[in-house]
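Taking the form predicted on its own, here's one chain by itself in structure tokens.
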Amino acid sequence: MQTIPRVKGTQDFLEKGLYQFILNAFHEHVSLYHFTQVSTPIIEHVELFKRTLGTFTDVVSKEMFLLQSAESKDNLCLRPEATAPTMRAFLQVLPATSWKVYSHGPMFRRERPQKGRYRQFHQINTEVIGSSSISQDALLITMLDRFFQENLKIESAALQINFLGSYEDRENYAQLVKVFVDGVQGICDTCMERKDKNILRIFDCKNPTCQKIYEDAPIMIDHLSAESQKEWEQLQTELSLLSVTFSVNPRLVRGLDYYNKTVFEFVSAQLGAQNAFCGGGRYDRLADELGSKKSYPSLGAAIGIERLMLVLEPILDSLALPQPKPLYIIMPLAAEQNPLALILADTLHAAGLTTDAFLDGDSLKSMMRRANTMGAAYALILGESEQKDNTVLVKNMMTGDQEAIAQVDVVSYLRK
């Protein structure tokens, strides 16, 4: 009988040291900016994403994992992103003040797996709900920039920003792009489809021929209203005042329909063509799309944890990754010593010492070999004589030195 393989586009995390380090570092960092942690369900109504992401986005039209049940007529899916669920949760609670929250967990999209891109992937999301100030955009971007540059010591990261203006500006710009595209030839089939459904997505195309054609397309920031132009200049000025290095990418639009005004990405050349590991922007009408009678202008960002881990791989030695505590292995030489081994293990656990016990009756040589493989600091051997004398034979796995210690003194001996 064949073993059952892992589902395509997923991965097993068999060692989560770096993953957990990122989460812990981010939690500590954003706490300084008064963000609090929330969590939303993995399962949501499909309608939530149709309303917010746009029916013609790739996520909704092609990539969502839909759930079917013979007992329910609910149209459910596995969440493809976290911003819409966070806004849904906000509108259900409607706190008296605005929200500054973050969350982390798995997202699901049925797309072609590639480097740093999975069908089940993990994100850290930050959302600021209920703020219309462009200065808040500058603050959020700065918080992320400080995290990548100072906390994680990433030198390969580059920040790209763009400004989509108001929703009216964006609609007017989309018409200009449509006129341009209608006047050119040679764009790919995907762009032809996007032209009629979600035209700004053409700028996400990685086809070299398309990219060459779009070099002559109208640029969004050249067609902003006076008010939007003022906010765009304010954003750049405030980022510069905060010593945040950025470049303007006039073709950066982000793939989801709810964005307006500020959009940004942190990219790294280490990731290849799909080079963004963090992206976000402002979404002032998202609450309206979910039926809120009151507008809640908001902004947010998402960090792809798998992609960030790829960026960090070359610089792991520079990170203050937590070191594992010393490991103590208890080795009863016969089944008769197993009860004593259990008592000793319980004593060490109560003292806060990382302890494992080999209870399957292996030979001492086999247990020593296994302890070496596990990186044990000490072996605690219990044989017939140790059981009779109320002692433990404590062996230093590094030096090979060993000493008989009274069982009541083992904790104090190991702590030394």
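When you see a residue number, it is the position in the sequence shown, counting from 1. Keep in mind the model is a prediction, meaning the values are calculated, not measured.
The discussion below concerns the form predicted in complex with a small molecule, not included here.
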query: Since exactly one of Arg170, Arg109, Lys100, Arg201 fits, which has a heavy atom within 4.5 Å of the small molecule in the predicted bound form?
result: Arg109
- prompt: So which of Tyr296, Tyr214, Tyr328, Tyr258 reaches within 4.5 angstroms of the small molecule in the predicted bound form, heavy atom to heavy atom?
  reply: Tyr258
message: Residue-level question: is Gln160 within 4.5 Å of the small molecule in the predicted bound form, judged on heavy atoms?
response: no
- prompt: Can you check whether Pro332 is within 4.5 Å of the small molecule in the predicted bound form, heavy atom basis?
  reply: no
query: Just to confirm, Ala341 within 4.5 Å of the small molecule in the predicted bound form by heavy atoms?
result: no
task: Flag Leu164 as yes or no: does it have a non-hydrogen atom within 4.5 angstroms of any non-hydrogen atom of the small molecule in the predicted bound form?
output: no
query: When the small molecule is placed as it is in the predicted bound form, which of 172 to 180, 311 to 319, 280 to 288, 232 to 240 ends up with heavy atoms within 4.5 Å of it?
result: 280 to 288
